[in-house]
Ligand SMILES: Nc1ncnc2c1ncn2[C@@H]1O[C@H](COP(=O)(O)OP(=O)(O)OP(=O)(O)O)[C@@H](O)[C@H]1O
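In the block that follows, a single chain appears as structure tokens, in the form predicted alone.
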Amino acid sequence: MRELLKKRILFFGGKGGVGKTTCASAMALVASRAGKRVLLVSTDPAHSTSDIFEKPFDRDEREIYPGLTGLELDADLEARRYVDRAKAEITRMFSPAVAKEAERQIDLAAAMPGVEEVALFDRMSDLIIDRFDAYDLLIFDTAPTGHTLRLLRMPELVASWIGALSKRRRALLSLNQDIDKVRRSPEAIDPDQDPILRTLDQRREKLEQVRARLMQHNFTGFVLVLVPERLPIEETSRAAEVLRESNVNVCGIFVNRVLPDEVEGEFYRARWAQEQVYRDEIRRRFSAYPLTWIPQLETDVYGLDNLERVSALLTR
């Protein structure tokens, strides 16, 4: 836990239903009580953070506990804002005739799958870059594993796309310069002054900043959450491998909802015996990572009182 508190950015991820939001929220509470300024960001469409804290989160930063600020990102809303910003840039840089056709193409692209993920990552990038110095710790409560892994691969994908666009734009400007030389026209656009290339370069620089920050193991870490059952173990193993291959630091694994040792009744004893097999497997398969064991509570984790109980278990 001391090592986690040294990080500046933490992602919590895992299979749906294993308690990612509970663990991320409890960690945020631990950090804020340790005197850190914490921003807890929910990117999960389920948005259970408001329910756990019993306080409303929305798209604007709002203090929900001393030292702890909450924020929920809505992928649909971020996609609409992303498209609107793209249209505004097009209107600023092109003639009305060109802008109208470009806007039509943007509307067609906006209807395709994946736009929400691009827009969501763009908003997360803004937080990682622009709000980094405003807080001591950024915690992202992410959507189920597959969605999160796609988000973390976004810098590489978008950087390739921007590189291809820049290459095509430079080729077009070079062609126009050659034509203008033949015409002896002084109106050729200098690539260094081209507003489109400047915009693309700015986006590439921002992506490089985000990617560098995500890969800085001393700054950034990923916490995987699972429960001692077969499917979460397998999904966690695959996620850890993908993250390692992507040079993302898996800095901890939280094993949630572990049955207490003092169980009674034939059903519970059988369940506890099966869980011991999974606990042993978790220790063996994830021996390279720090393991945190969180016992099953007798009630749902709902409200600040129960969340404080989980926070206390994390620091025992």
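In this text, all values refer to a predicted model and were calculated from it rather than measured experimentally. One-based numbering along the sequence shown.
If you look for the form predicted in complex with this ligand, you will not find it shown, but the lines that follow are about it.
Using a 4.5 Å heavy atom cutoff, none of Phe121, Glu235 and Val248 lies near this ligand in the predicted bound form. Just one listed stretch, out of 62 to 70, 31 to 39, 250 to 258, 275 to 283, contacts this ligand in the predicted bound form at the 4.5 Å heavy atom level, and that stretch is 250 to 258. Taking the partner from the other structure, this ligand in the predicted bound form has no heavy atom within 4.5 Å of any heavy atom of Leu304. Although the partner is absent here, Ile294 sits close enough that one of its heavy atoms falls within 4.5 Å of this ligand in the predicted bound form. For the stretch 16 to 30, the set of residues having any non-hydrogen atom within 4.5 angstroms of this ligand in the predicted bound form comprises Gly16, Gly17, Val18, Gly19, Lys20, Thr21, Thr22, in sequence order.
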